[in-house]
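Shown here is one chain on its own, the form predicted on its own, set out as structure tokens.
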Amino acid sequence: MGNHVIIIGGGAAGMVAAISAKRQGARVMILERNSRVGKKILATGNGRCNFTNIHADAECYSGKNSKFVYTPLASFSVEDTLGFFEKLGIQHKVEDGGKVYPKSDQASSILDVLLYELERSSIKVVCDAFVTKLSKKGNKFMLQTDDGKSYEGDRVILATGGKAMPSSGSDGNGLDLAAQLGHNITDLFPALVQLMLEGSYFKRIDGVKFVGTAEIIHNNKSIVQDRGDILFTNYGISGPPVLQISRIAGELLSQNKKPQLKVVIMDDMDKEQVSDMIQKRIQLAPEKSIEFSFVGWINKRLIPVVLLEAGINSTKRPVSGLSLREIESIARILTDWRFSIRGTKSWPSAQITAGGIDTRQINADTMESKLVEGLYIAGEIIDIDGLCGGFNLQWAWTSGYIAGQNSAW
């Protein structure tokens, strides 16, 4: 008979770890603090569950030592993930950017097949079990839950998630358990999260959406950029490109640096072309007011704010009266609008946690702690976080599967 493996956390990493350990002959129990397992899975991919990405490789991950990902991903790859879920009944499809979804377009189907496999494999799942103490005596691990119950196991897999989306049960408690056992926790900050910007007119453009480019600038250097649907909000800015680049902003802010956000509304033209276009529109209808002359080209609610930012206060005068300098100023805002970033939104808004258990204290081949023999670590609790688009779930499946496999004997 294999080891008695106790998994703390019944999320993506924990469930796959449980199935993997059971298949290797272990006795397995999941302790989940929520009233049900897999709560966060249902929220992913707008309820469709973008469960991996065909482009997932080490380049798509961050952390103090992102190269840590190489070995685990080579051991349990995207292909292995697709095969694993196909055997459970998930037919998949690949969409733009390599995002992989179940053909059913339902996140619940991923959770359903995992739950079915847990039950079929006779894996014990204890819900409403919030682990508050974890220690090791001799070869045994002792666990205590907040309702006073005690559990004992040969091996423990820590898969409690990070601090993002605390409503799903991940509030950093697992990081405390790891720290109690001597693990170093790197700086934590929200990632894949909206940015809060300095400025007084965001309420006026709240909900304005456009396709453009978002870029993080620091010391006048471009650090990272991404393109897609961008959305102004009452606190600043959101949308997939913003989430994608938010990690760099969060990292700089955590180091007390002052990053800027550059927004390119007209990213299919350069500044000169935009300037020419404004002049062409002036010639077509010189009698229109400055504000009205942009209708049909720029979102109506954005026009007065762009003009204000360009230093044009009287927008009702005829557009023919715009000076060359004013035209240049408008063109600059439309192709290079700069904002000071005052922060990121907090943990409830973040999709993922940046930072976590130091990877130098984890064996990349087995996911076993180098400090505590028999303790395995999986998922978001580790100082590894991926891009938006299925990369973080892939890390959960990979690290969970390897931890489960190696904990069994």
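From 1 onward, residues are counted along the sequence shown. In this text the structure is predicted, and so the values were computed from the model without any measurement.
The protein also exists as the form predicted together with a small molecule; that form is not presented, and the subsequent description refers to it.
Although the partner is absent here, S170 lies within 4.5 Å of the small molecule in the predicted complex, judged by heavy atoms. Contact annotation for I377: none of its heavy atoms lies within 4.5 Å of the small molecule in the predicted complex. When contacts are judged by a 4.5 Å heavy atom cut-off, V208 does not count as touching the small molecule in the predicted complex. With a 4.5 Å cutoff on heavy atoms, R27 does not count as touching the small molecule in the predicted complex; it lies far away. Stretch-level contact analysis of 66-74, 337-345, 351-359, 366-374 against the small molecule in the predicted complex, using heavy atoms and a 4.5 Å limit, identifies 351-359. Heavy atoms of no residue among P190, T213 and E251 are located within 4.5 Å of the small molecule in the predicted complex.
For the candidate set I278, V264, M165, V78, a heavy atom within 4.5 Å of the small molecule in the predicted complex is found for exactly one residue, namely M165.
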